[in-house]
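Okay, so we've got a single protein chain in two different forms coming up as structure tokens, structure 1 first and structure 2 after it.
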Structure 1
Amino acid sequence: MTRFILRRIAYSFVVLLVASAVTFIGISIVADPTARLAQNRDPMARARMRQELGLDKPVIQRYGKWLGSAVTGDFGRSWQKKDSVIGILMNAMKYTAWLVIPGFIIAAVLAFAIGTYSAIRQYSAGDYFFTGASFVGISMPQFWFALILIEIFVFTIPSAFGMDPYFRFIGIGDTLGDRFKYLFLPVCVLVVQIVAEWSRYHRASMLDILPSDYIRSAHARGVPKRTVVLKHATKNALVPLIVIMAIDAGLIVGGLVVTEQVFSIPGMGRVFVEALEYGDAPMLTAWVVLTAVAVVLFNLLADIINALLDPRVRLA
């Protein structure tokens, strides 16, 4: 088990190193804050700005300097906001966490319950209902569903949650009740989208496990059906669900761009959009690298959990 974890960690470091190099070089080629000065045709001012930002040096040399600072937690300063990049991202991540953490917990519970129910009662009325609902949830655009919820709960019946029609974001320092009122609709949008996906994965996984020989043997020995499902079948059926949850968790750390834009949440997704519009290379690079770190870490965690649940993973 120790060798398995060390091997996965080594692979993760290689992936992160390659991802950071490709990201830094690619963004450095595309993003140039001095391009705006070209319209004024002031080559001297443009040259001075490039020298101040260190853009006159070779890209490989700049990447080496950036990497040396990044491993200590220093991602430079934002060209747009003139402030520490890591400070801006950490502040934005707080707001994203308020949306993602409750959404993930609720979605995981619902996906497990719906997927298990649909597999046990395959082709029942309930299975057909949840299957149809999941297809609707997967195909429904996020922005459209968010706007529908806003129309219903903000403008049609605004007293339902005391929502602010102008969506002035409720800060971290306000009461838990205020945060619940504001985050209710964004969390609903997130939960509907990912439950629709996760429940389908879990249902398919359960349907693969339930006809297995060891499940039939447990039934033949007289083991109660609930014990067979929850103790024997679920343990192996959770492996694919954990993998897809880990992948989604890493991606969502980068922010929910559409949801955060619609509900005016100053999270990671909104930071990315603003940096992209301005061409803020330090911010874009740090955002992509931190998102890649989250994806790799959550996938590493999923590998370890899968190895604990299924020893065949370690042997592979």
Structure 2
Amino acid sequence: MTRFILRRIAYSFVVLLVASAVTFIGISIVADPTARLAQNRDPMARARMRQELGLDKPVIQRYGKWLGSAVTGDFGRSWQKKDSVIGILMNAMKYTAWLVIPGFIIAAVLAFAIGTYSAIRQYSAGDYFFTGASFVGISMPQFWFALILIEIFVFTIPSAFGMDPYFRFIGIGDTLGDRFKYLFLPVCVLVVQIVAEWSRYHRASMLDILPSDYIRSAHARGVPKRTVVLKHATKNALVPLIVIMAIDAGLIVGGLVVTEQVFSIPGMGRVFVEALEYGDAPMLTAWVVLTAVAVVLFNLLADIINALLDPRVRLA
């Protein structure tokens, strides 16, 4: 186990190196933040800015310099916002967390309930309904769904949730009541999409477990059906759900680029879009490193959880 973890961590450094190099060099080739100064009256303005940002040196050298300070934990300052990129990312994480954590909790509960129900009532009307609904859920363009929710909840039935037609989505509000108003729809978007996937997952693993011998013998011993399903079967069926939740948690640290864009939430997704537009190499590279670390860590966590919960799994 320890060897497995150490090897994975060593491997993740390779991942980080590749991802940061591709991002840093890629964004430097694609976007030049000083391009907008080309038309400046002062012909030296652009040259000065290039020198200030270190753009007068070749890109490989710049990446080397960035890497040199990054390994000491110094990720530099954003070219666009002038603040330290760590500070910007921490701040953005706060907003994303407000969106993602409630979304994850609600989605986990719903996915568990729907998956269990659909499995024990396989091929019932309810099962077909949830199957159909989850197919629709995974088939919708995310931002379209967000726009449609705004259309319905803000404009068609505006009295609900205290949103009037003049309500503007920006930020996440200050008081708890405000938070609810601002976050209800974005969380809905997130929840519908992930419940659609997770509930199918949980249904499948319940259907895998329910016909097994130990479940049948539990029934035969006269254990109440409720206990058999919710205790005996769930214990084993939950493993895949927990594993996929851990993996998704890693993916979602990057924020919900599209959802945050639609609802003007200044989270991780927005930071990404803005850094990309501007050509903000230090900002974008730090973003990639942070999200890649999250993906690697949560994948590792998923494997460890899997091994701990399922004794048949051996980490190698």
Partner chain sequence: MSLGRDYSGIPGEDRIEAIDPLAAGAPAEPVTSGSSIGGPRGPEGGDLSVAPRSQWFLFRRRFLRHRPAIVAIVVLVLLLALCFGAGLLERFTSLVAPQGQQNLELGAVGPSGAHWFGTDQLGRDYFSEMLYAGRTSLLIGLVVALLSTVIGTTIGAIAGYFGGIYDQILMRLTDLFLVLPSLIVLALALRYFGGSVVVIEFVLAALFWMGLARIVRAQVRSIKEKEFIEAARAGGASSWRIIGRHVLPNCIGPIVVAATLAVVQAILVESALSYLGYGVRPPATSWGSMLSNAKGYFGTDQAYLIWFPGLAILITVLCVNFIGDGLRDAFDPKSRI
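Take the two forms, superpose them, and find the largest set of C-alpha atoms that agree within 1.5 Å; that set is the rigid core. None of the values given here were measured: they were computed from a predicted structure. Counting starts at 1 with the first residue of structure 1 and goes up one by one along its sequence.
Two copies of the same chain, shown separately. Which of them is the form predicted in complex with the partner chain? Of the two, structure 2 is the form predicted in complex with the partner chain.
When you overlay the rigid core, is the Cα of residue 70 off by 2 Å or more between the two structures? Shift at residue 70: 2 Å or more after core fit.
Taking the rigid core as the reference frame, tell me whether residue 61 has a CA displacement of 2 angstroms or more between the two structures. Yes, the C-alpha position differs by at least 2 Å between the two structures.
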